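Take a look at this one chain, the form predicted alone, written out in structure tokens.
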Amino acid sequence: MTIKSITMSTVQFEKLRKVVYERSGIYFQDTKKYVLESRLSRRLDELELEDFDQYIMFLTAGPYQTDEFQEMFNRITINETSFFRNEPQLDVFEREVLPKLLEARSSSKTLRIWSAACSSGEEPYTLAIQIHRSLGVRLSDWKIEVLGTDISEKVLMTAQSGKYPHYSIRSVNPMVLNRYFKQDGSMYQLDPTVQSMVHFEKLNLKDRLAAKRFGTWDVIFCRNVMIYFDDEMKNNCAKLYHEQLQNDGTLFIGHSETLRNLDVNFEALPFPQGFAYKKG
């Protein structure tokens, strides 16, 4: 089957970019026009649409606009993730931040962690594994809540299954792999105890009111997300994290991201590989 290539005009790109931004907060720079064009051209062919004007109408005025936005979003975003991704940063979480938090929460024995824009769940499950092996036999005495949120229903379905291909566990230490995963054909099923520590919710980071209903958090992970946002959206996200983080909590961001020049008061923690922040 031959897929016809459908070109996107500058006007069409600007219209589509606006739709994406208004609904998700993700901003496509002018240089990324080819990304939308190449990744959606096949979709137009599937829908038997002649051009991007028809697609924008289908996306914004048709009866299937909500479902189609999900489909479009899955195609234009790259959900690149894996277990124990950027391990030096995760070591800072497990060896520096987590022990102090467990001591500070020793009376309430409650710990809440939010993995924002978690994609298919590898990050929150990694954090759950780290908590599980840190607490050991004490785990049953604690109320642990790890929340993974994402705007895409498709990746959340994968997350909820707890079943992953070899590519997702490629960075996992063999001892950890043997302890927390069971091979099922070409897939790897996560240990049910760890899986039960994490739950998932659909959440658009642009919807601050929806995010606030989850309450405050001891740790927030939001890695490699703000690189897709413009300055306004970055500021809004940083303010949200500041508001929803406990006073002694910690925010982790991606190694290519920064909170500098944002209108919010965070102070970097003194761990070179941590990319970790506390409230200022």
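Worth saying up front: this structure is predicted, and the values here are computed from it rather than measured. Residue positions are given as counts along the sequence shown, with the first one as 1.
Keep in mind that the form predicted in complex with a small molecule is not shown, yet the notes after this line are about it.
Remark: of stretches 91 to 99, 158 to 166, 182 to 190, 115 to 123, the one touching the small molecule in the predicted bound form is 115 to 123 (heavy atom within 4.5 Å). Residue-level contacts in the predicted bound form: of Gln130, Thr81, Ser171, Gln195, one residue has a heavy atom within 4.5 Å of the small molecule, and it is Thr81. For the candidate set Leu49, Leu40, Leu240, Ile26, a heavy atom within 4.5 Å of the small molecule in the predicted bound form is found for exactly one residue, namely Ile26. The closest heavy atom approach of Ile56 to the small molecule in the predicted bound form falls outside 4.5 Å.
At a distance threshold of 4.5 angstroms between non-hydrogen atoms, Arg223 is in contact with the small molecule in the predicted bound form. Within this chain, Leu36 is remote from the site of the small molecule in the predicted bound form, having no heavy atom within 4.5 Å.
Contact check for Arg85: a non-hydrogen atom falls within 4.5 Å of the small molecule in the predicted bound form. In the predicted bound form, every residue of the candidate spot (Thr77, Asp150 and Leu203) has a heavy atom lying within 4.5 Å of the small molecule.
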